[in-house]
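Before any questions on how it binds or moves, here is one chain, the form predicted alone, in structure tokens.
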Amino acid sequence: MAINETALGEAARDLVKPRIHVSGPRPDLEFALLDASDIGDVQRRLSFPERLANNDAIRRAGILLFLVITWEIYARWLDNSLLFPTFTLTLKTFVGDLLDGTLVDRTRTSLYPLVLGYAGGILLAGLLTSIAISSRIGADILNTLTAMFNPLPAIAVLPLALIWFGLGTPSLVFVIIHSVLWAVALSTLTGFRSVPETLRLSGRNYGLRVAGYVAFVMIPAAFPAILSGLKIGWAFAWRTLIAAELVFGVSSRSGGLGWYVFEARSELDTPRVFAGLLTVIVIGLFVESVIFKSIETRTVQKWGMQR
């Protein structure tokens, strides 16, 4: 039986040819407008209570006020100043030692090695991170050192610091650098690795060299992670300093805040112990809420990288 090849080819094309169904014109749809009067104002001026509720400083002050009231009520109910003094007694001791210069001198003594150690840790972290992002072996070195020394408590290095540097400020600076270095380096490296490839290519297309590429592309893009590392490093440095002063006390002619707390504890002066701890808390709140907050406002929030 003869097969018509032409007819067979047309049949095959009909099988693979997509079938398009053409329908008639779509009917017009009409919807009635909804009454938007019940939705409310699209934009309105916030009331005074709403503005207060949206203010971060006022909300934090409210939390602190609640904690202070709770502290005062519990201390008065316990009625044992040797065990847990009231907030008013602690504040009275704090103001008295502040006015006679005791707390000022102790705070100045503590802040000197803190600033040196914190700055040294940041500089070393920047150096190690620069080496890590420039070569694979540098990244391996930083990852290995971070895995080794980051879990090691800084206070555990204190005996070696005393042997190497003696009883004084260099020992404090050494342990503070150890507490700051690894946290800042790890956060900075993580931030650099998370920079999108588009930004990296844009920096290269502009012809930026190594210094300009890092300063104008890498650091701004990774700054949220860097700032987080700086906060963590500050917290580690502050508590490491107080713990080190509690352990070996006097670092120069007079002790710092840690030694102030230790002396008060030895004399069973619990209100003065709480006054020293209150000073540590106030300094921590100032650094976190004023210094770092202002940096956040002028950088990552202004750049739209953080809400």
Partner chain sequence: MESSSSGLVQVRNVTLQYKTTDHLVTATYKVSCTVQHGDRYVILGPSGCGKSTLLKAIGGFIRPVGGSIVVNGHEIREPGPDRMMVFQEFEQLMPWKTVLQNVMFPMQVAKKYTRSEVRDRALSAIDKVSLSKFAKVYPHMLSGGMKMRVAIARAMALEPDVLLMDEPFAALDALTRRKMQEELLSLWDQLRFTMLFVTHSIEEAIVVGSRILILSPHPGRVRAELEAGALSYAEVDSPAFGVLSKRIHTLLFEDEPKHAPEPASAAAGSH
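The model shown is predicted, which means the values in this text are computed figures rather than measured ones. Numbering follows the first chain given and starts at 1.
The same protein also has a form predicted in complex with its partner chain, omitted here; what follows describes it.
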Problem - Arg193: touches its partner chain in the model of the complex, heavy atom cutoff 4.5 angstroms - result: no
Problem - Non-hydrogen atom contact Ser202 with its partner chain in the model of the complex at 4.5 angstroms - result: yes
Practice task
Please check if Thr198 has a heavy atom lying within 4.5 Å of any heavy atom of its partner chain in the model of the complex.
Solution key: yes
Problem - Contact of Phe216 with its partner chain in the model of the complex (heavy atom, 4.5 Å) - result: yes
Completion exercise
Answer key: of Leu116, Ile232, Leu127, Leu208, within 4.5 Å of its partner chain in the model of the complex (heavy atoms) is Leu208
Problem - Heavy atom within 4.5 Å of its partner chain in the model of the complex - residue from Pro159, Gly138, Pro153, Pro220 - result: Pro220
Problem - Option from 169-177, 220-228, 71-79, 98-106 whose residues, in the model of the complex, bring a heavy atom within 4.5 Å of its partner chain - result: 220-228
